[in-house]
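Take a look at this single chain, the form predicted on its own, given in structure tokens.
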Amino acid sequence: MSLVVMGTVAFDAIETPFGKTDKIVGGAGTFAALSASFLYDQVKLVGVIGEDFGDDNLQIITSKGVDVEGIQIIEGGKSFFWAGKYHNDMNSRDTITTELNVLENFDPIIPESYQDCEFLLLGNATPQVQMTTLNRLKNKPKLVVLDTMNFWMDIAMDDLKAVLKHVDVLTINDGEARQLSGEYSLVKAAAVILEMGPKYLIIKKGEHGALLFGEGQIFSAPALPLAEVFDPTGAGDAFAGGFIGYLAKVKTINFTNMKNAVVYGSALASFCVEKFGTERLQTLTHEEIEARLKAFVSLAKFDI
């Protein structure tokens, strides 16, 4: 049984206080699939790229065992490209360039070999594309996780709410939770959002950790304090990939495993920000992940 990730496979150009890059491999689907691959060995990616992406860049994804049969390569096309500049606080950024290119007419194709999907991550994309991906699976997965952003709330709120009726877990940041719910209190916001369909809600708070809501319970996960954050691009996607990768590994869905999955996702995200783009995920080892998990446990463990 497989874990299918639907998301963008793209080029990014990034500038932060620590430096800048030319075009490097990025995209929500890329970060999520690479992150999930450290925890589960049947990760399959659905996306679209242009002919300009090249085999060398595609190998960054396949080198971790990710199946790319679901990635369409548009002959003569150009891949999605985003360029941005982060401010000194690394929490805010300016978009310099967005070129949709082949993503503009993306129609997700689900290969027959992906129809054994048991765990589905609908990465950040238009709600219509997310819904189409879900509808093209012959059987509803055991778990459906959806990531979205404020942009879709601004221009496609009705479509987004329609998709939310069909997902099990929604992952968004605190500002997006407030926008989606109309509530400032995150506890009240969570109650409103859970009424929209998801059984569980994760509210990401960047350097302040993450909150998990579901089954009438709340779990607060810490963020690992890092001396330097080189590039936050893709951290939220790496979090989502680590989260669903852990659940695919253990195969049992309950609040305890959800809590563990949030910590695994946080650990993968903490590695992602240490270098530009996917560079850190390319060299990451399982031993480093285990050590980082122990650091997370010790960070929040105490006795009364």
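Numbering starts at 1 and runs along the sequence shown. Given the structure is predicted, the values throughout are model-derived calculations rather than measurements.
One more form of this protein, predicted together with another copy of the chain, exists but is not displayed; see below.
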Exercise. Should F151 be counted as a contact of another copy of the chain in the predicted bound form, where contact means heavy atoms within 4.5 Å?
Worked result: no
Problem set entry | Close approach of P225 to another copy of the chain in the predicted bound form, 4.5 Å, heavy atom | yes
Exercise. Can you check whether V187 is within 4.5 Å of another copy of the chain in the predicted bound form, heavy atom basis?
Worked result: yes
Exercise. Is there a heavy atom of K140 no more than 4.5 Å from a heavy atom of another copy of the chain in the predicted bound form?
Worked result: no
For this session: Sort through 86-94, 155-163, 99-107, 113-121 and report the only stretch with a non-hydrogen atom within 4.5 Å of another copy of the chain in the predicted bound form.
Result: 86-94
Seminar exercise, completed: Across 279-304, the residues having a non-hydrogen atom within 4.5 Å of another copy of the chain in the predicted bound form turn out to be L293, F296, V297, S298, L299, A300, K301, F302, D303, I304
